[in-house]
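The chain below stands alone and is given as structure tokens, in the form predicted on its own.
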Amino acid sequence: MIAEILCVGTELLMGQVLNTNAQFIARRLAALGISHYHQTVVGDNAERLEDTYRLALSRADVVITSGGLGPTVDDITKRAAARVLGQELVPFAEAEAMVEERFREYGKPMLPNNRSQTLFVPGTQLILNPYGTAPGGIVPAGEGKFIVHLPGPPRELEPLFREQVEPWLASFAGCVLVSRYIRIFGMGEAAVDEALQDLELGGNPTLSPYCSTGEVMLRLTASAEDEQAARALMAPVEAEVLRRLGDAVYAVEDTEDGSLAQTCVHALQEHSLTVATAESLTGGMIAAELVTVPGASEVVRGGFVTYQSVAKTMLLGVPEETIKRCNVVSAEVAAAMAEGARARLGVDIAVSATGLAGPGGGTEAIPVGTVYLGLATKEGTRTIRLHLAGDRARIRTLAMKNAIHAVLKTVTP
């Protein structure tokens, strides 16, 4: 099967909205083992959209669209597809009931133009939408080909794709595709690739790296007649990856939606431990990242943002003399910040971060990118010195991730 992604909307074409839908769909297609060679963005122009449909259908089995399913005159995705297929849009009672129910939930009247959201080509398999007012559909396009219509908002498109489109796509593969996600911190993409080159060349299972700031994620995917057989194919490869990468791997999961913060929070929950933060250069980023995880309130007690030296003294009890003698960017201050946060909030673990994110202010002794972390527990306090590179945003992000990773390693050494 070959799929093609077609994203509709002038706001995408003009760069007013970031096209995250194409990235999401592309990654999910790869996880399903479905070939995908082209992506297109088209504005709200009927003639150009129809031409794009014809081209996409000439080279793909499934054309997946996002956007243009709303009630306004520029929502032309379904109308253009119907014209290309030589069909008329007709009302679907199930879609109408869904849209009416959604407006009742929102406490708003359903306007006449919202009826257009209930129209589809005959034979369409509806994708009912519990997350918004626009149902999608899987439309037969002749010769065994299909057009899949999905709404544009990512908060709607992503769960609809996972819950309704993925099972439909998988049924065409004639096999089961299973993936495992190996998460790595503190080891760069090049180093990971150097260590795993031979494994990445395998045909089944496949091993593919994806990178973000400070992290690498490996997707290990196998296809087989059933899930048990697929997992059996993956098991020796997974074991070899873990052997080669060692402590750089911080999690192995069945979902790609994990994160360093999620792993850390879950580890704290499992060990019934609490944490607090004391932040300078990160300005609350560590605490903010931890509390993105549902259930974080069980383990994250609170945090301090002590950006200026006076705040470190007033809120955390860092001695003025220590700051003057050692510099605010120092192991001594990082330790005192962590100890102060732990004492004031009575937690099991306190993590602190102080450093120089730049772009200015660096010296030969303390260059931009110097960061100290402090970890205070009942066993004592330790500090970590980091030498981070990049612009201000990258340094702060890396400092935040290193702090969370340090907490994780404190809980699960």
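Throughout, we count residues from 1 along the sequence that is shown. Predicted model only: the values in this text are computed from it and were never measured.
Just so it is clear, the following notes concern the form predicted together with another copy of the chain, a form of the same protein that is not shown.
Although the partner is absent from the chain shown here, none of V148, L242 and A251 has a heavy atom within 4.5 Å of another copy of the chain in the model of the complex. Comparing 342 to 350, 378 to 386, 361 to 369, 65 to 73 against another copy of the chain in the model of the complex, the single stretch with non-hydrogen atoms within 4.5 angstroms of it is 342 to 350. When another copy of the chain is considered in the model of the complex, only one residue from R301, R180, R183, R102 comes within 4.5 Å through any heavy atom, namely R301.
Proximity to another copy of the chain in the model of the complex, defined as a heavy atom within 4.5 Å, holds among A190, V90, M314, A97 only for M314.
Although the partner is absent from this view, Q197 stays clear of another copy of the chain in the model of the complex, with no non-hydrogen atom inside 4.5 angstroms. With a 4.5 Å cutoff on heavy atoms, N19 counts as touching another copy of the chain in the model of the complex.
Within 4.5 Å of some heavy atom of another copy of the chain in the model of the complex lies at least one heavy atom of T306. Looking at V176, you'd find every heavy atom of it more than 4.5 angstroms from another copy of the chain in the model of the complex. Shown without its partner, the chain has T20, Q23, A26, R27, A30 in segment 20 to 34 as residues with a non-hydrogen atom within 4.5 angstroms of another copy of the chain in the model of the complex.
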